[in-house]
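Presented below, as structure tokens, is a lone chain in the form predicted on its own.
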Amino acid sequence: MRKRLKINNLQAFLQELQKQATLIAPVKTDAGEREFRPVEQVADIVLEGSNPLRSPKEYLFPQMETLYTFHLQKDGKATLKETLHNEPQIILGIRPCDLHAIAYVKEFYSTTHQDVYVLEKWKHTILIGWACQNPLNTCFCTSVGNSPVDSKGADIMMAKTDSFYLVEVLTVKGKDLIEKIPSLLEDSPEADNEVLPSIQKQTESMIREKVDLLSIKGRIDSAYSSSIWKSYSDVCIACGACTFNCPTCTCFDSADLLETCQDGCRYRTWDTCQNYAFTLHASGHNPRATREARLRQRVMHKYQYSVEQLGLFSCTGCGRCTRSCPVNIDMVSIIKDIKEVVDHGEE
């Protein structure tokens, strides 16, 4: 189902969304950047512009969250109370690369070991996508088989034209939401079928370059012993910025916090495979003691191991790893080198 929203009705539309649930969207920060945050005033929302550096992943998989609280009784037994967050929320302005990332995180946490904390939040979340018209020179979504207008994973997809916003309703959750605010939306004529293809063509023409990773999908392990890993790891400082800003990284650590002698909680925080201690054994042995091994693990997971496990690249081409790297390690350069090794071997 497709609808039109007039340009001058956007603010009213956003106000209606805010009435339905906690609204999360890109807002301008004091530093002049855009960041996904719970919206206080809809006038603060800035939907146009480049993708924020921090992805909306944290509203489904928070950087830090309490899993459960516990109380130790006098008889030595413990009572547990799980902390599940099921408040309704709407995340607005999600670019297709981040829609793919959220779909990957959901898939990852729905397979062998289901993560009730992520899945419960997702169940009460409505995702509103936003067709990308402002790619950065670090973007490479087309290299991993994605598109700047792909609506996969969205409940509603929006796209801006000169005179209106196209609103495409894709799921039951999206339909239920739109039915609550019908007066602002108009029927979409057949001519609107060309809106997304037109945006796609324009945006893809602005993407720096395309590396055909799909042609070597499932074969990237042949680059495992390549010297390329050392050439990049010699520059890497193992700060972990690439992983903390990655919308598909799922690693976390958990710990217990005692607030009193009887009461406490178990919480988890994001962790990174680029940290030396991430794989450090209690014996002192570390199977990934070098930066080279850790950088290779991160890249191989994105393009090989996740393909083996889920059939998906766990990279969406958003370019955040490159944007956040303090020593300018460029993921596009890495995947170009990988493809060269896989296709032609190493001299």
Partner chain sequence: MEKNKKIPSSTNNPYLPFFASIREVGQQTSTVKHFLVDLPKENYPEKFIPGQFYQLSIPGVGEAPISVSDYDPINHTLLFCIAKTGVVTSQIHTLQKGDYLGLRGPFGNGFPMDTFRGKNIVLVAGGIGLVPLRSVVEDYFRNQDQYGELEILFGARNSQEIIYREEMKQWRLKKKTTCKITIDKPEKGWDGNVGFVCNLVDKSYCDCSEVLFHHTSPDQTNTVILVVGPPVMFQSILNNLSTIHFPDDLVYVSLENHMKCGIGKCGHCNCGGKYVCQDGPIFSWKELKTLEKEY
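All figures in this text were calculated on a predicted structure; none of them were measured in a lab. Positions refer to the first chain, counted from 1.
The form predicted together with its partner chain is left out here; the points below concern that form.
A.B. asks: Within 4.5 Å of its partner chain in the predicted complex, heavy atoms considered, which of Lys160, Lys175, Arg219, His124?
C.D. replies: For this set of options, the contacting one is His124.
A.B. asks: Consider the chain as shown here, without its partner, and state which of Leu170, Leu184, Ala103, Leu72 has a heavy atom within 4.5 Å of its partner chain in the predicted complex.
C.D. replies: For this set of options, the contacting one is Leu72.
A.B. asks: Any chance all of Phe313, Glu340 and Asp343 sit within 4.5 Å of its partner chain in the predicted complex, going by non-hydrogen atoms?
C.D. replies: Checking in the predicted complex: none of Phe313, Glu340 and Asp343 is within 4.5 Å of its partner chain.
A.B. asks: Among 260-268, 160-168, 210-218, 146-154, mark the stretch whose residues have heavy atoms within 4.5 Å of its partner chain in the predicted complex.
C.D. replies: Result of the contact check: 260-268.
A.B. asks: Check Leu280 for me: does it contact its partner chain in the predicted complex (non-hydrogen atoms, 4.5 angstroms)?
C.D. replies: The answer is yes: Leu280 has a heavy atom within 4.5 Å of its partner chain.
A.B. asks: Does any heavy atom of Lys57 come within 4.5 Å of a heavy atom of its partner chain in the predicted complex?
C.D. replies: No, Lys57 stays farther than 4.5 Å from its partner chain in the predicted complex.
A.B. asks: Do Asp192 and its partner chain come within 4.5 Å of each other in the predicted complex, heavy atoms counted?
C.D. replies: Outside the cut-off, so no.
A.B. asks: Would you check, heavy atoms only and a 4.5 Å threshold, whether Glu308 touches its partner chain in the predicted complex?
C.D. replies: Glu308: yes, in contact with its partner chain in the predicted complex.
A.B. asks: Along 47-84, which positions have a non-hydrogen atom within 4.5 Å of its partner chain in the predicted complex?
C.D. replies: Contacting residues: Leu67, Tyr68, Phe70, Leu72, Asp75, Gly76, Lys77, Ala78, Leu80, Glu82, Leu84.
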